[in-house]
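For reference, the chain that follows is the form predicted on its own, supplied as structure tokens.
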Amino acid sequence: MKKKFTEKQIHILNVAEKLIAKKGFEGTSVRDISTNANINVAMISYYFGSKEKMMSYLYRYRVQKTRESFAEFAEIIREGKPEMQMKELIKYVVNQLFKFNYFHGFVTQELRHTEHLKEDLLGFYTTFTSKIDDVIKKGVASGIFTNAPKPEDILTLIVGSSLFVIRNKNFYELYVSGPEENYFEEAEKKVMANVLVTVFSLLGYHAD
């Protein structure tokens, strides 16, 4: 079930997300959030219980917004050729994973004991996999794709490749050029290129 957020909660969550994206979860204090949101410190506890619980709310809110934006995005590309749709779907997920990379350590811990996070993620993954399956079937039917890999395997490839690079910066930065502060930007480009080549190879696609 979709959780309803009040306008005040959404305001606080948006402020918190900007700060956490810049300073990290540990580097962002409740006072930082309350000051930037122009609220009393006690309001964080009132609305969320604690900073840790607020992060859980923030992640749930972000997943809901991502599902909404994905639905709009999928509709926009719906009439495109299968190869274009597949490319854009891959780019969408890789981009979202890197854009919100600061969530992933938190999510790994919270998923172990927070049921609603599992449900929210399951909803998005199921929707995305269904769309991938639809594109594969259209591509095979039109002769553009000669193979039909399982859509869940494609999702696993996309998410697994992205999360490995996000979580293993100390290793992968050895293979990414540019200054350290540009790591995620450059790593995203590298992952995107590799995933696109791999997925289209699995599909048996050959550009004219």
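We number the residues from 1 along the sequence you see. Note that this is a predicted model, so its numbers are computed, not measured. Here, rigid core means the biggest group of C-alpha atoms that superpose within 1.5 Å across both forms.
Here the subject shifts to the form predicted in complex with the DNA, a form of this protein not shown in this document.
Checking 169-177, 156-164, 58-66, 34-42 against the DNA in the predicted bound form, the stretch whose residues place heavy atoms within 4.5 Å of it is 34-42.
Note on contacts: among Ser50, Asn182, Ser142, Thr146, the single residue with a heavy atom within 4.5 Å of the DNA in the predicted bound form is Ser50.
Heavy atoms closer than or equal to 4.5 Å to the DNA in the predicted bound form belong, across 8-26, to one residue only: Lys8. A displacement of less than 2 angstroms separates the C-alpha positions of Val199 between this form and the one not shown, with the rigid core held in common. Relative to the superposed rigid core, Glu68 undergoes a CA displacement smaller than 2 Å between this form and the one not shown. The distance between the CA atoms of Val30 and Glu180 is at least 3 Å longer in the predicted bound form than in the form shown here. The pair Lys23 and Phe164 is at least 3 angstroms closer at the CA level in the predicted bound form than in the present model.
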